[in-house]
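This document starts with one chain, in the form predicted on its own, laid out as structure tokens.
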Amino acid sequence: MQAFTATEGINMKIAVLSGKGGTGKTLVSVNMAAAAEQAVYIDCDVEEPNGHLFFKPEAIAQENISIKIPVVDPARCNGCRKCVDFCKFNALAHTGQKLIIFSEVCHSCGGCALLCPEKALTEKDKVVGEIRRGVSQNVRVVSGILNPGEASGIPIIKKELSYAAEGDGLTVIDCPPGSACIAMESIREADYCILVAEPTLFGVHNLGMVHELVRLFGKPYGVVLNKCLEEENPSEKYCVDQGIPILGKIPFDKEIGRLNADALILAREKEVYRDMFFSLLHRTSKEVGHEAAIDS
């Protein structure tokens, strides 16, 4: 059976994106990591992480992630409202001679505490989520989980990405769907971006969103077409028209759907699927400019 091995000195980070959920982003991410000889899988979809359902990691270590939020000393506050005017997220209000802090929408910039002329504002830690790390055969699994109602998962994603492979190694980053701030943070340090698209007109629209994002960040990229049929594929036409490399095609296949629905990793179930995702890794490695070795 083939195994993907990065050559000495390579530390390759691959980010996998999609314009919406359900396109097959996690399918591609999980199976690419599993097809490698050794890899780190990082689930940055912190609002709804599900990569761990496939990997079922063992030896799990949990770590709380905190942010700084302001705390007011009423005895020092003179009601000048400078902090209220400064906050663009409306996390502060002054009413009835009292400063009110809405920590749920605070983005932890720290500006209000720095700006306060009376030093009435200080900061305290607030837990916004957690990271779980474990091992599943050849893959180190890192999953971030954002607590419900929190404003941003960026602090969790930043910490997750600090666990990327060091030295020789492959990191697969399963990004949040869409093109919002959390997706931007997920691809910031990526060497290459894989965009996953469905074969529909709606799929073309979603592909266009993440295509614009990776171009904005100046990242090299290619596309994986999922759920492919024999008929016309609008997403494929978009790639051809835009000159985007098509890295691979995953067929619309009942067995793939069944295995995926049962939270099984295709690359660990059948050699034909392992070879499919190995080929995707090998093609991506060439696109990045790295060589790859194949062990039989």
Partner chain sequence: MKIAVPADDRSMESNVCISFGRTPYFLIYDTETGESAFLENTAAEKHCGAGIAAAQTVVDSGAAVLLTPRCGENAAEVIQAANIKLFKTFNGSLQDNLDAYQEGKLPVLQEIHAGLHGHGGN
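These numbers were taken from a predicted model, which means no experiment stands behind them. Residue numbers count along the first chain shown, from 1.
Below, we turn to the form predicted together with its partner chain, even though it does not appear here.
The chain is drawn here without its partner chain; in the model of the complex, the stretch among 115-123, 154-162, 210-218, 81-89 whose residues come within 4.5 Å of it by any heavy atom is 81-89. Only one of 127, 100, 135, 201 lies close to its partner chain in the model of the complex, with a heavy atom inside 4.5 Å, and it is 100.
Shown here without its partner, the chain carries 53, 61 and 259, none of which come within 4.5 Å of its partner chain in the model of the complex through any heavy atom.
Among heavy atoms of residue 180, some come within 4.5 Å of its partner chain in the model of the complex. The shortest heavy atom separation between residue 72 and its partner chain in the model of the complex exceeds 4.5 Å. Heavy atoms of residue 94 reach within 4.5 Å of its partner chain in the model of the complex, making it an interface residue. The shortest heavy atom separation between residue 105 and its partner chain in the model of the complex is within 4.5 Å.
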